[in-house]
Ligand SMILES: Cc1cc2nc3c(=O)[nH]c(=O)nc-3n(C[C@H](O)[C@H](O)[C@H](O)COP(=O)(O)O)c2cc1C
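To begin, one chain is listed below as structure tokens, in the form predicted on its own.
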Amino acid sequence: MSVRILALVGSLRAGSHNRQLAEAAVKLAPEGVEIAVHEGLAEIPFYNEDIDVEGTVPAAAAQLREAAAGADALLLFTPEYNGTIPAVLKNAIDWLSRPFGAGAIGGKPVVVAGTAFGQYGGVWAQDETRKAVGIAGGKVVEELKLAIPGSVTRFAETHPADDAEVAEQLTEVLNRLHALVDGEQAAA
């Protein structure tokens, strides 16, 4: 059975190292795993209950919800902005958390990974992302973590997929997430 993973990237920058890390995940996905990097987070308006009305939900938000609903798991890539989660990723989580108690990520395994310039690789942002997605109803996979420090220098001339250590670590995360989802599907 194929496993579908939706990847969300918390950076909108064209040369984002987290975008490159998501691209590496697509390239390194094990057999039987399809990873789709969601485009369009920049088009989603800030969450507002006044516009989250059935039949009039903004198209970009509805597309995000549909993509998450069709996924077996989510893989969130986050940089660290001022010690925390970027607004675009938090906004996506907010949209996915609704309707309350029945959001598109309810009960789905979610892994948070990323890279940042600092010496800890964005662990504060990753911790905040895990907290937000857990409250939003996602099933955070706490034992799967990947924080890559020094992104600006480490990936100045090397794509994450071509960094042997990063490729090995990311492959391990993907293999373990695949096994987890496979196990859940077999038990269902």
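Just so it is clear, the model here is predicted, and its values are computed rather than measured. Residue indices: 1-based, along the sequence shown.
Below: the form predicted in complex with the named molecule, not depicted.
Worksheet entry | The unique member of 96, 113, 116, 73 whose heavy atoms fall within 4.5 Å of the named molecule in the model of the complex | The residue in contact is 116.
Worksheet item: Looking in the model of the complex, is the named molecule within 4.5 Å of a heavy atom from each of 38, 109 and 173?
Response: No, none of 38, 109 and 173 comes within 4.5 Å of the named molecule in the model of the complex.
Discussion item. Using a 4.5 Å heavy atom cut-off, which of 131 to 139, 145 to 153, 54 to 62, 28 to 36 contacts the named molecule in the model of the complex?
Written reply: Of the options given, it is 145 to 153.
Discussion item. When the contact criterion is heavy atoms within 4.5 Å, does residue 16 count as touching the named molecule in the model of the complex?
Written reply: Residue 16: contacts the named molecule in the model of the complex.
Worksheet item: What residues of 87 to 105, in sequence order, lie within 4.5 Å of the named molecule in the model of the complex by heavy atom?
Response: Heavy-atom contacts to the named molecule in the model of the complex: nothing from 87 to 105.
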